[in-house]
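In structure tokens, the next block holds one chain alone, the form predicted on its own.
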Amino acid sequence: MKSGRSGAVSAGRHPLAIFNNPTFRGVFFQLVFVAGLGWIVWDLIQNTAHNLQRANIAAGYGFLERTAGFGIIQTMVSYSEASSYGRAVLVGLLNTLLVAGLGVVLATILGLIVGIARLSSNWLVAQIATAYVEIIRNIPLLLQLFFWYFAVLRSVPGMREKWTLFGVFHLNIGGLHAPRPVFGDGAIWILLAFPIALGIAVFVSHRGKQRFERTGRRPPLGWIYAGLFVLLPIAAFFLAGRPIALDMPQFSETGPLLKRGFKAGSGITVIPEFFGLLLALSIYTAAYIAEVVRGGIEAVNHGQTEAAYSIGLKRGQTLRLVVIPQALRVIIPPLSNQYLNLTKNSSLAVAVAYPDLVSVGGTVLNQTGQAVEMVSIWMLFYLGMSILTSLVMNYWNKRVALVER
């Protein structure tokens, strides 16, 4: 008895005995980790500030108001060499959004077609789709970008010649030349026709769903949507007095050699750098999306297909009304990753001098030396795009999720 009480007293007095408490150990080591991480971050900040001071570079984003002094070959907003660095960064940001947005749309359409084609009962179609996926997926994206830009788009006619398609579109080494729409008074009504058509489509879809639940008959929503989004803008175009005209690209084949070619300012020109990057991103990502689509379709129980056939649905109706809606629950999560990859891969535009955010930002960085600020802008942009894409896709995923009653 004596020895036991003596032992408890000696253990309570030991200075390291408190480490036997798991709660204390957990809190202690977390505090040590936070303190260590904070010390590293503070040391990095101190070193960065010291190096900037030695290089005589002022920290902060005030440099964005200074004159850029360099040109950009593609701009979606007004820009000149007298514009500010901030304006140049905005131009690069919009160019990135343009190529990434169009790339997502094209890759989704192509990937859906190829993914369904891989499951086709037609042997030739299935083999062609398989060859596309295996070839494209196993070649690095950068090499494909070089192929489209240097081997394909750089082998077209020179600036004094052209290839013509349907007498409307023209292609030469300067890019794709197409008619440019010129908006006059009343064009706003045509633009307003699209949100109006969208509102009517949502209303029709809601009523169509109620009718289907009540009667079991599904209205021809596809034809209704097509009519709304095509006929309504056309009707607005004529009612507003045809306020949109086309500025055709003008090509001179005669006269002095230096004056031959497309007249500057006529029509609209899609530069080959944009075209090559868009082709490479879309075709490369579509190969992965095709596999995602194929996996999603194969995840649907074959009994669902047989049940659809047994009630008289045709092959196309079965795919559109039964298989694809169920496959979306499997397709959407990995599809989100492909959209994120496409957006981030657009930074390879630097390889072909397409003026995206990274390319323009690199020029700004070289001229100003504001490395920390420019890298932070790049990181914030791509992080914001990733979060926004994830939020939209997660919302869509919840919309198609199976609801148990």
Partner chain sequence: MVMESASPAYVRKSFIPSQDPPVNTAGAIGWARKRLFSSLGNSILTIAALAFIVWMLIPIIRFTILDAVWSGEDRAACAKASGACWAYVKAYLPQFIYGRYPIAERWRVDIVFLLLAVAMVPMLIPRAPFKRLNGLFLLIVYPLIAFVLLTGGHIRFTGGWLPASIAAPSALRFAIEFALIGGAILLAIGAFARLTGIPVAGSGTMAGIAIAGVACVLLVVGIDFGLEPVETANWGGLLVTLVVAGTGMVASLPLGVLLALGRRSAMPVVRVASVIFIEVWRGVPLITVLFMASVMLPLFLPDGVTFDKLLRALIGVALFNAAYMAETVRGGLQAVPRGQYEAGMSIGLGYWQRMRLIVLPQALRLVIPGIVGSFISLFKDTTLVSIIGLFDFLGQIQTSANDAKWASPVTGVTGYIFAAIVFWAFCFSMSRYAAYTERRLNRSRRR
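Not measured: the values here are computed from a predicted model. Numbering follows the first chain given and starts at 1. Here, rigid core means the biggest group of C-alpha atoms that superpose within 1.5 Å across both forms.
What comes next is about the form predicted in complex with the partner chain, which does not appear here.
Kindly indicate whether Leu142, Ala151 and Val358 are, all three, within 4.5 angstroms of the partner chain in the predicted complex, using heavy atoms. Judged in the predicted complex, Leu142, Ala151 and Val358 all sit within 4.5 Å of the partner chain.
Contact stretch among 125-133, 211-219, 189-197, 97-105 - heavy atom within 4.5 Å of the partner chain in the predicted complex: Every other range fails; the passing one is 125-133.
Give a yes or no for Gly26: in the predicted complex, does one of its heavy atoms lie within 4.5 Å of a heavy atom belonging to the partner chain? Looking in the predicted complex, residue contacts with the partner chain include Gly26, since a heavy atom lies within 4.5 Å.
Thr48 near the partner chain in the predicted complex, any heavy atom under 4.5 Å? Output for Thr48 is yes: heavy atoms within 4.5 Å of the partner chain.
With a cut-off of 4.5 Å between heavy atoms, is Trp396 one of the residues that contacts the partner chain in the predicted complex? Judged by the heavy-atom cut-off of 4.5 Å, Trp396 is well away from the partner chain in the predicted complex.
Is there any non-hydrogen atom of Arg66 lying within 4.5 Å of the partner chain in the predicted complex? Output for Arg66 is no: heavy atoms all beyond 4.5 Å of the partner chain.
Can you work out which of Phe169, Phe237, Phe147, Tyr79 has a heavy atom no more than 4.5 Å from the partner chain in the predicted complex? Going through each option in turn, the one that passes is Phe147.
The partner chain isn't shown here, but in the predicted complex which of Ser121, Ser252, Thr164, Asn301 has a heavy atom within 4.5 Å of it? Checking each option against the partner chain in the predicted complex, the one that comes within 4.5 Å is Ser121.
In sequence order, which positions of 210-228 have a non-hydrogen atom within 4.5 Å of the partner chain in the predicted complex? Residues within 4.5 Å: none.
Return yes or no for Ala353: a CA shift of at least 2 Å between the shown form and the other one, with the rigid core superposed? No, Ala353 moves less than 2 Å.
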